[in-house]
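The chain below stands alone, shown as C-alpha cells; this is the form predicted on its own.
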Amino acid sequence: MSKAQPLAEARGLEKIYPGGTKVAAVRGVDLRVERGEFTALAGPSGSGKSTLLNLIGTLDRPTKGEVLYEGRSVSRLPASDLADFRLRTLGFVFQAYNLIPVLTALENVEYPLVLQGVGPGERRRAAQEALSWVGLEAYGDRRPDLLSGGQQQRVAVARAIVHRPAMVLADEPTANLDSKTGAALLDLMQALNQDHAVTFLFSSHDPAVLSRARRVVHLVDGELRG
C-alpha cells in the first residue's frame, strides 16, 4: 500500500550557487512534510538548512529536483503563478520580522489579505482574530517601533497565519530574541500547531529550540543525515 500523499515533498533537491568556485548548498535532498507536523531543520551555520527552507517555501528555485505540494510540482511555475501560490498557500516568519514600519500591527497582519483582494470588513475581522491568537489583540493600533522584539515576532506570526495557510515556514524565528521571549514564541507556535492544526517547518541550530520539535531533520554540508 502506498503512503498517503504528503502536504509538501522535496525530491532530489540540489542548489548550486555559481561563481569562481561553485558551491552546492543543498545536495540531493528528499524530504516529506505531512500535514500537522511541527518539524525543525537542524544544522550548524552553513549546513544548508536556510537554503532548503527557502527552496521548500518556493522563495528560491532549485538547480535540480522539484518541490511538490499535495502532489503538484510547483518548482517550475512562472514567477507570477509562484507568487500567487505562496500568497495563498504558505506563511513565512523571518528572523528580522519584516514588518512594514509605517503600518500598525493590525494593518501588518491584514496585508496578505489586502494582496488577496479580501474586503475591508472581512480582512479586519480575520486580522483581529489572528492577533488574539498570539495574545496581542490590545496592541493592534501600535506601529512596530512601539513594540518589543518579542511582540514584533508575534505580529509576524499572526501575519503568517491570518490567511490560514497550509504551512508556515520559519527561518531561525528565535534568533533575535532572548531565551525567555524565544521560549514564549515557541509556546505560541506549539499552541497554534496543536489547537489550530497549523503545520510548521522551521530552521534552527539552537538545542533549546530543537527540543520542542516533534521531528528534527539534520543537515550537514547540504545533505540529510540520520
Partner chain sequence: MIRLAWRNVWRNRRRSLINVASMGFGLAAIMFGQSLLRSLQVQLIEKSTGSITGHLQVQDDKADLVKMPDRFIVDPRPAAAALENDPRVRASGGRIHLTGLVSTPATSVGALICAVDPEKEKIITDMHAYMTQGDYLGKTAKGLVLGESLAKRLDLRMGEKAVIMAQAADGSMGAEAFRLVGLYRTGSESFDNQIVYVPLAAFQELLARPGQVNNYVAKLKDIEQADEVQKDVAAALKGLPLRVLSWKQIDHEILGVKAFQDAILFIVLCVVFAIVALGILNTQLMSLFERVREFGVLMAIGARPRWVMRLLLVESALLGAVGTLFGLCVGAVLIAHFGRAGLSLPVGEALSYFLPFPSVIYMRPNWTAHATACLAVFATTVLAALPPALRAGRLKPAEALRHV
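What you are looking at is a predicted structure, and each value in this text was computed from that prediction instead of being measured. Numbering follows the first chain given and starts at 1.
The same protein has a further form, the form predicted together with the partner chain, not shown here; the description that follows concerns it.
Heavy atoms within 4.5 Å of the partner chain in the model of the complex: which of the stretches 147-155, 69-77, 87-95, 130-138 has them? Going by heavy atoms within 4.5 Å, the stretch is 87-95.
Hey, in the model of the complex, is P101 touching the partner chain, heavy atoms inside 4.5 Å? Residue-level check for P101: yes, a contact with the partner chain.
Answer with yes or no whether L59 is in contact with the partner chain in the model of the complex, where contact means some heavy atom within 4.5 Å. Within the cut-off, so yes.
Find out whether any non-hydrogen atom of K49 is located within 4.5 angstroms of the partner chain in the model of the complex, and reply yes or no. No - in the model of the complex, heavy atoms of K49 and the partner chain never come within 4.5 Å of each other.
Interface membership of N54, the partner chain in the model of the complex, 4.5 Å heavy atom rule: Heavy-atom contact with the partner chain at 4.5 Å: present for N54.
What residues of 155-173, in sequence order, lie within 4.5 Å of the partner chain in the model of the complex by heavy atom? Contacts from 155-173: just R159.
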